[in-house]
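A single chain comes next, written as structure tokens; it is the form predicted alone.
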């Protein structure tokens, strides 16, 4: 039976853009498992699988429901120990937590600054209202003001990616010779930007560009099949 993945979607249900959901989609593919995507708009997320405060991604694997991408990765390794590992050791988990925190404090804010209006405009009307209300409360300004006053450029992204560029000059993946969950963490952030803003804003050459393109082409090109803006 395929694992069901509840994934955040835009007005077009094929527009599955969430960075966190991409972590899980890549993780399931890494394990060689079949999956079924269930498109989930912002206004439906909280009630997924009978919850009252859910956050996607959420998976259902038979009778088991798991929420949050890191916990899902742990679950997949425990439940399917004979397939390739996502998190290879306690040390790997600890280092992955660093990558998660780096990505969410350095890359995710940049994506928001570069693509906030594109994210909003891709949503259905009810979800646009939800997105606007919740984000403007956090930003303390309108989305339009945020897009203008806090705008970021591809050069800003390039600077933020310097540690990754230097790392990947000496190894194929963050995980070494093969991708680990940490690779999918950063991939998810850049795939979010690719889907919402387009490929032109991403690094076009260098180690990060080569790494990202290799991940787009993995698993029968699953990442590349997602339409870029």
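Numbering follows the first chain given and starts at 1. Quantities reported herein were computed from a predicted structural model and do not represent experimental measurements.
One more form of this protein should be noted, the form predicted in complex with another copy of the chain, which is absent from this view; the next part is about it.
Here the chain stands alone, but in the model of the complex its contact with another copy of the chain, taken as any heavy atom within 4.5 Å, falls in 177 to 185 among 177 to 185, 42 to 50, 195 to 203, 56 to 64.
Taken together, the three residues 4, 77 and 81 all stay farther than 4.5 Å from another copy of the chain in the model of the complex, as judged by their closest heavy atom.
At a distance threshold of 4.5 angstroms between non-hydrogen atoms, residue 32 is out of contact with another copy of the chain in the model of the complex. Mapping the unseen interface onto this chain, residue 153 falls outside it, with no heavy atom inside 4.5 Å of another copy of the chain in the model of the complex. Among residues of the shown chain, residue 147 is not one whose heavy atoms approach another copy of the chain to within 4.5 Å in the model of the complex. Although the partner is absent from this view, residue 102 contacts another copy of the chain in the model of the complex, with a non-hydrogen atom inside 4.5 angstroms. The contact residue chosen from 126, 95, 117, 141 relative to another copy of the chain in the model of the complex is 95, the criterion being a non-hydrogen atom within 4.5 angstroms.
Contacts with another copy of the chain in the model of the complex, taken as any heavy atom within 4.5 Å, map within 154 to 180 to 162, 163, 164, 166, 167, 171, 174, 175, 176, 180.
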